[in-house]
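Only one chain is included here, represented as structure tokens and corresponding to the form predicted on its own.
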């Protein structure tokens, strides 16, 4: 029986691993323990209610797919949730609850504890992603209220808000928002869509990805319903097309979108698009389409600055009902400098790890989580690694590197650490200085320039840099 349980769960894991990122798989599925298989019902043990709620809210359809593969369409999933870790004398206290895909789910709810993380576990049935049903496909959680404004997104947000008040009437038609991965493009355009729906309930708003639009177009050709497809899109009041760059090279799809675009624009309907780059850099799109993209406003989203990153973290924690020290928030904001998605991912991983080991989110736990994420996901050297290696190489302590001391035997290693921090991490100078006792960016600039000069002037320094670079795997 044990072998059968493990075999079923291994089949589930193979399906899950093929559909979620590696870091998400390690965070949310590796801690799960398969307990028993009773007929068609598989019971899995999760370490906390937070895990249960997160799985139900974010991965229920993937779990359903895994059950279909391993057990069959009538397979069911039951959770065994550890609500109290217990003691050496008394084992952990558990409560069993069926998955929300089970017909018995509504009758069984896990017991609540005051210190449990709270989540909204409402679910909607899966939608046919390639249908032409009258559904806006908007995520109601994407709103202007929870979209943090900063210098990095002020123009795009302001334009989006203006469009939401008067769709199709402003000069921002079309509105094209572009920027790198994880900077909040989808959140912003869906916030516009939700605002329009709220203020103009007589208008039909549709959010669609370029991939889905293309699939619908192909299905329409196969089923000889191309006219129905075109008619459907020409009736839309506000069309939100995400990741327009994926239309690249699809000539027939572009032809059809061109005619839809013209009709909507001439009819005073609002068109909103996102792209990962500005129109001038889009390859494989027809010139006549690109020229129309420039009729309205093109606004970019940039990497959030420090203050915006802190505000994003604080809002995320507030939403989750979690309080942590400001020093920890500041450490995360200085350490994660890439995009909003990764920043929020770190916060989620922190909450998951804190729930798993049942401890407060402090600086030690934060450093541990950040190190694991960077090591397994980005394969980059992080600040802690640099400080540890430099301290070991020069036989000083990490606290010495962060201290205010101006002793020569400490200044040189500190400058070397700053030099490698600039070379090996994406952190801005201000954040590098933060990790060295709160020094300002001018001190970091001086340190980098000093090491650069010494490399060309002093063979010993040059050898040390080359050796350390080799130690860092560079």
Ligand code: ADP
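Positions refer to the first chain, counted from 1. The structure presented is a predicted model; accordingly, all values stated were derived computationally and were not measured.
There is another form of the same protein, the form predicted in complex with adenosine-5'-diphosphate; it is not shown, and what comes next is about it.
query = Is adenosine-5'-diphosphate in the predicted bound form near all of 142, 183 and 187, within 4.5 Å of a heavy atom of each?
reply = Yes, the whole trio is in contact, each within 4.5 Å by some heavy atom.
task = Identify which of 255, 305, 325, 344 has a heavy atom within 4.5 Å of adenosine-5'-diphosphate in the predicted bound form; exactly one of them does.
result = Contact check passes for 344.
inquiry  = Please tell me which of 312, 236, 332, 361 lies within 4.5 Å of adenosine-5'-diphosphate in the predicted bound form, judged by heavy atoms.
reply    = The residue in contact is 312.
query = If we take heavy atoms and a 4.5 Å cut-off, which stretch out of 289-297, 175-183, 158-166, 217-225 is in contact with adenosine-5'-diphosphate in the predicted bound form?
reply = Of the options, only 175-183 has residues within 4.5 Å of the partner.
inquiry  = With the partner left out here, check for me: in the predicted bound form, does some heavy atom of residue 229 sit within 4.5 Å of adenosine-5'-diphosphate?
reply    = Contact with adenosine-5'-diphosphate, no.
ask   = Should residue 138 be classed as touching adenosine-5'-diphosphate in the predicted bound form when contacts are defined as heavy atoms within 4.5 Å?
value = Close contact is absent here: in the predicted bound form, residue 138 is far from adenosine-5'-diphosphate, nothing within 4.5 Å, heavy atoms only.
message = Quick check on residue 385: any heavy atom within 4.5 Å of adenosine-5'-diphosphate in the predicted bound form?
response = No, residue 385 sits far enough from adenosine-5'-diphosphate in the predicted bound form that none of its heavy atoms falls within 4.5 Å.
inquiry  = If we define contact as a non-hydrogen atom of the residue within 4.5 angstroms of the partner, is residue 340 a contact of adenosine-5'-diphosphate in the predicted bound form?
reply    = So residue 340 counts as contacting adenosine-5'-diphosphate.
task = Residue by residue through 141-167, tell me which have a non-hydrogen atom within 4.5 angstroms of adenosine-5'-diphosphate in the predicted bound form.
result = 142, 146, 147, 148, 153 sit within 4.5 Å of the partner.
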